[in-house]
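Just the one chain here, the form predicted alone, laid out as structure tokens.
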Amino acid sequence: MKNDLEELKNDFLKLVKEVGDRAQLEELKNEFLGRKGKMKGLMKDMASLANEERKVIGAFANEIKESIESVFGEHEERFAAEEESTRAEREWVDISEPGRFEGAGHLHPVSQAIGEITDIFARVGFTAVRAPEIDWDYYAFESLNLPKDHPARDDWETFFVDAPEGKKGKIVLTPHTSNSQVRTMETQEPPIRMINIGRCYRRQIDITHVPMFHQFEGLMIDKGVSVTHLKGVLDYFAKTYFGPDRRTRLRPHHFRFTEPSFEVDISCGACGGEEHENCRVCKAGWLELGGAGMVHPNVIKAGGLDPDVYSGFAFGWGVERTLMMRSGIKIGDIRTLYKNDLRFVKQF
């Protein structure tokens, strides 16, 4: 057995000369002295020896082990010294070299527009509120005086959520921010001046429509509110946000939730309203921003108020369209806003 132990030591001394780094050295040590190493394998045979022989072989095995560990220690110190001598070169840093700084980001142009719009209406007393972007169709349609057979409640117009119906009907991705109107009247006492900006979803996509977009909804409920107040607020916003050179107009229209109703237009910012024959964005020099009108009595009733006492106006505009029509923007395709093209986004 002594011969086996001597042979084990010689094998280690031979192999340790071929080791190139500390990792290989550690593997070699485990191979010979580890829990499942060669030394352990030899020591298992000691159980068959007599007591006197076991003592002699045990002492000799300890000498072999100490000899191997000593050689291991010498090589480990040598590798450590080599690593330390090259550390300065490997970890050298030129502290005089200018650092590399990542460019600071900024808000998306749509987020910037949302902040500016909120601030403009806050100056005239409109308080920001939030309404669900996934809501009951009661708040999105029925409470707004839209009958069940209205085309807007068709699967080809609105995204319906595959979920069980409740007391307030089906669940939809809100097609407009008008779902905030009745919700606000249910929770606030007049006078009400609120602005709600949120995401909306419709099955439309072209140069002026995207399936997900943003709207800002304004609502004013009080005694004696008239179309004059509506026009004053809309003119104030248009002149503040777009500048004094932009023109606005109201066109009579029909919405189920307002009476009388209007379409709100602004002169095209892409062509200036003068070259509309070749403009891909506008219609005859004007771009439709959204709808407005006096809140329908049925909507006021749905909000729990008396339409004989209170009146009000509401308006809903697309944030993206509003941004597109701002002076100097000249975005010819609304889809450009959501292409994640940094060459475009970094301009703002």
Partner chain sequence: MNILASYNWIKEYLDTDLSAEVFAAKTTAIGNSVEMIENVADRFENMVVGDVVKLEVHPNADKLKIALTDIGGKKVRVVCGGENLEEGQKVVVGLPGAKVRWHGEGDLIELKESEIRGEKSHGMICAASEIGFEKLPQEETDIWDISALTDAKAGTPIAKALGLDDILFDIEATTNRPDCKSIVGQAREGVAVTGAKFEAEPPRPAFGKGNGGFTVDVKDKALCPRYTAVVIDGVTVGPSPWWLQKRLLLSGHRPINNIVDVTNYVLHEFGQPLHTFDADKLAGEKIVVRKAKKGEKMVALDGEEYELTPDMLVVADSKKPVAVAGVMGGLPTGTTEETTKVVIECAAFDSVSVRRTSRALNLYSDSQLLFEKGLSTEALDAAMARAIELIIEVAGGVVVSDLIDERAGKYKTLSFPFDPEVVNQLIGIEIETKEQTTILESLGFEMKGKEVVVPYWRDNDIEASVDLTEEIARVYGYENLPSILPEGALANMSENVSLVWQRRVKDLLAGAGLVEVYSYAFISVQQLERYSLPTKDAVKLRNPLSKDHEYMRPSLVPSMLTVIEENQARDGAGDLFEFAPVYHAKKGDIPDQPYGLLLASYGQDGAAGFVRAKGMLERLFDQVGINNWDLARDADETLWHAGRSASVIVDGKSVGVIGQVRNSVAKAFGLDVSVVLVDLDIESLIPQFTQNKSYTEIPQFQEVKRDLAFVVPERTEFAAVREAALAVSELETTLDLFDVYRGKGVDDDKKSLAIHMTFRSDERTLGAAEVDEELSKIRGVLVKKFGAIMRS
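The term rigid core refers to the most C-alpha atoms you can superpose between the two forms while keeping them within 1.5 Å. Only a predicted model underlies this, so the values are computations on that prediction, with no experimental measurement involved. Residue numbers count along the first chain shown, from 1.
We do not show the form predicted together with the partner chain, though everything after this point is about it.
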(request) Just give me the single entry in Leu28, Ala61, Met294, Leu323 that has a non-hydrogen atom within 4.5 angstroms of the partner chain in the predicted complex. (result) Met294
(message) Counting any non-hydrogen atom inside 4.5 Å, which residue from Asp154, Glu74, Glu82, Glu89 sits next to the partner chain in the predicted complex?
(response) Asp154
(request) Flag Asp341 as yes or no: does it have a non-hydrogen atom within 4.5 angstroms of any non-hydrogen atom of the partner chain in the predicted complex? (result) yes
(request) Check whether Val129 has any heavy atom within 4.5 Å of a heavy atom of the partner chain in the predicted complex, and answer yes or no. (result) yes
(message) Would you classify Val93 as touching the partner chain in the predicted complex, given a 4.5 Å non-hydrogen atom cut-off?
(response) no
(request) State yes or no: in the predicted complex, is some non-hydrogen atom of Glu142 no more than 4.5 angstroms from a non-hydrogen atom of the partner chain? (result) no
(request) At a 4.5 angstroms cut-off on non-hydrogen atoms, which residues of 187-220 are near the partner chain in the predicted complex? List them in order. (result) Gln188, Pro191, Ile192, Arg193, Met194, Arg199, Tyr201, Arg203, Gln204, Ile205, Val210, Pro211, Met212, His214, Met220
(message) With a threshold of 2 Å on the C-alpha, tell me if Thr208 counts as moved between the shown form and the other one once the core is superposed.
(response) yes
